[in-house]
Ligand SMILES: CC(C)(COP(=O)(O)OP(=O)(O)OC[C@H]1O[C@@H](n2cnc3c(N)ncnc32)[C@H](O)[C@@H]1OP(=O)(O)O)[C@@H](O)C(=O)NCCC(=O)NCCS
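Next up is one chain by itself, shown in structure tokens, the form predicted on its own.
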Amino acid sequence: MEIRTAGDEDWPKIYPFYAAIIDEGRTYAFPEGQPLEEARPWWMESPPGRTVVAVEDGLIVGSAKMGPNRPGRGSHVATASFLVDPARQGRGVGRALGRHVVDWARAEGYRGIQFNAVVEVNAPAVHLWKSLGFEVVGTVPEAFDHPEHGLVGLHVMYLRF
């Protein structure tokens, strides 16, 4: 699997699984039903942020976006978000993207990575991030309206370098 910086030409290939994941409503509090160009700024980062794609056998199978969690005095902590094509889940794509982001953030001089909104009932994601050294530092109760579980918490997860 190759992980590389995403270019403008990659967005139309990312968008189908971006839209499917967002419209499913289980992991992101992004607006549902966004057309291609409206969705672009929600995923494709500008510097100092970065968006990458995971490519396997010539196909984009996942993507991550990363950058400073906050501007100014909060810019020493990174944040990131991840998408794995639902047809490719369970094959290590998320783990590879997670490791890539951790390595990138360390190399860029960040002091840690904060995930602001990990849906507490998203067991695969919570398990993955814990296995990479992240810890739940707090949970905002009933902050996410899950289509099956109703109001559930959003974890704030952190990895200190």
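In case it trips you up, residue 1 is the first one in the sequence shown, and so on. Keep in mind the model is a prediction, meaning the values are calculated, not measured.
Missing here is the form predicted in complex with the ligand; even so, the following discussion is about that form.
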Contact residue in the predicted bound form, chosen from Ala125, Val55, Val136, Met44 - any heavy atom within 4.5 Å of the ligand: Ala125
Heavy atom within 4.5 Å of the ligand in the predicted bound form - the one residue of Thr27, Gln114, Gln34, Thr51 that qualifies: Thr27
Among 34-42, 105-113, 64-72, 92-100, which stretch has residues whose heavy atoms lie within 4.5 Å of the ligand in the predicted bound form? 92-100
Would you check, heavy atoms only and a 4.5 Å threshold, whether Ile21 touches the ligand in the predicted bound form? yes
Check Val84 for me: does it contact the ligand in the predicted bound form (non-hydrogen atoms, 4.5 angstroms)? yes
